[in-house]
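This document opens with one chain alone, in structure tokens, the form predicted alone.
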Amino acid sequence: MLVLKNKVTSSLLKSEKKSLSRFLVLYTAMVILMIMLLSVFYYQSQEKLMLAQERAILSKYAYIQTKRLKVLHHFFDEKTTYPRDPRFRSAIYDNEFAKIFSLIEEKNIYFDREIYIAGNMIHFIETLDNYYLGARYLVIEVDNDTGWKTELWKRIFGYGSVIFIFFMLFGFYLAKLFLKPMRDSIVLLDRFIKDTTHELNAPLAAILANIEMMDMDVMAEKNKKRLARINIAAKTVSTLYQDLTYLTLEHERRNEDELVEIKPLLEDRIEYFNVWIQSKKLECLMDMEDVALVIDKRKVTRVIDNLISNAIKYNQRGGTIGIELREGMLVVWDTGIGIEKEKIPFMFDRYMRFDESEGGFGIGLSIVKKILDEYHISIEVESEIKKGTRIIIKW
């Protein structure tokens, strides 16, 4: 079961929202990935720049320490203390990378690099030409001042945020362009429907009036069947006309809420569609209690007409329509074609049709949802393919 919760109707249809959300998710992921890659490249370039600046200083320290090692090497019999310096720490290693003497704190040494960051330290490797004290490699170590890193991250987050905001604004602009053709089509269809609706009223009223005035008692049986088919077609068009009128004009009218007896209204609408029900040989099961609801009668009629007409239209020949009315709940069910579970969220989108074999513009259920949302009434849909659909309205 899928529950459609009450929300203020958005200007975007669910299908449009789905397309927009997919685009924005993909676009946002690409923007974040791009910013992350740029941040990594920027961080690495700034780190290399910092190491290049440190290299000049550490080369100077290595030169000073090499001179001290040379002195110690030549006067080792008189002086055996390893030279120290408050500005750095050092270590010496032989040709086999074995430690001769060390004052450094970070023990992991990478002899294949000249300068690198080791934890909280910076190491500089100097290869000695002369083996003073048997040393081949001199390692200079200084503390890594992380101030540059803090400042660097501030710049990355600052620039990254500005770039992200810019690209997201640009993304919303692209999304607007992306949806424009779809919106233009809907606006064009709305305009067409509004213009067409005005032309339907007079001929439709004349057809229905003449059908009502015909004397069925003097008609031949075959003519009665023909008249019944005309009546069904006229009432189908009439329901569509009422939906089109509501869509273009009626929804702008102020509500005229009153206490409406729902049971007699349902019985009246079932009677209205009775010829259609009989033509499809449908069984109509009604289990109704006396229920009253404060609502605009025209609007609740639109809801009932759409639910009943859909239950007839999408039902199988010889099937069943069920109507259950309880205090705070109306259920309309059928044994029709059903609908796939993944399509249920889009049932109430305007112009959405899932069975091209049936007529209509696909606006009836959109009107139902708008009216129910307006009165904070919830609607639930349960459906299985080839087993039928059950629509539950609760207030």
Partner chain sequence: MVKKFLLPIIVVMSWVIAEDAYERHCVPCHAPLPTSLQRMFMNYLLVYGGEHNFKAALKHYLRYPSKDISVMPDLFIDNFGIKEKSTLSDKELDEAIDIYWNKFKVFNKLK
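Residue numbers count along the first chain shown, from 1. Just so we're on the same page, rigid core means the largest C-alpha set that superposes within 1.5 Å between forms. Because the structure is predicted, anything quoted here is derived from the model rather than measured.
One more form of this protein exists, namely the form predicted in complex with the partner chain; it is left out here, but the text below deals with it.
Colleague: Considering 112, 215, 77, 221, which brings a non-hydrogen atom within 4.5 Å of the partner chain in the predicted complex?
Modeller: For this set of options, the contacting one is 77.
Colleague: Would you kindly say which of 146, 279, 95, 185 lies with a heavy atom within 4.5 Å of the partner chain in the predicted complex?
Modeller: Contact residue from the list: 95.
Colleague: Choose one stretch from 304-312, 159-167, 265-273, 98-106: the one whose residues place a heavy atom within 4.5 angstroms of the partner chain in the predicted complex.
Modeller: Partner-contacting stretch among the options: 98-106.
Colleague: Quick check on residue 288: any heavy atom within 4.5 Å of the partner chain in the predicted complex?
Modeller: Residue 288: no, not in contact with the partner chain in the predicted complex.
Colleague: Although the partner chain is absent from this view, report whether residue 73 comes within 4.5 Å of it in the predicted complex, heavy atoms only.
Modeller: Although the partner chain is absent here, residue 73 would touch it in the predicted complex, with heavy atoms inside 4.5 Å.
Colleague: Answer with yes or no whether residue 150 is in contact with the partner chain in the predicted complex, where contact means some heavy atom within 4.5 Å.
Modeller: No - in the predicted complex, heavy atoms of residue 150 and the partner chain never come within 4.5 Å of each other.
Colleague: Just to confirm, residue 134 within 4.5 Å of the partner chain in the predicted complex by heavy atoms?
Modeller: Yes, contact at 4.5 Å.
Colleague: Which residues from 254-269 come close to the partner chain in the predicted complex, meaning a heavy atom within 4.5 Å?
Modeller: Residues within 4.5 Å: none in this stretch.
Colleague: Answer yes if the CA of residue 150 moves 2 Å or more between the shown form and the other one after aligning the rigid core, and no otherwise.
Modeller: Comparing the forms between the shown form and the other one, which are aligned on their rigid core, residue 150 does not shift its C-alpha by 2 Å or more.
Colleague: Establish whether a shift of 2 Å or more occurs at the C-alpha of residue 78 between the shown form and the other one, with the two forms superposed on the rigid core.
Modeller: Result for residue 78: yes, a 2 Å-plus shift.
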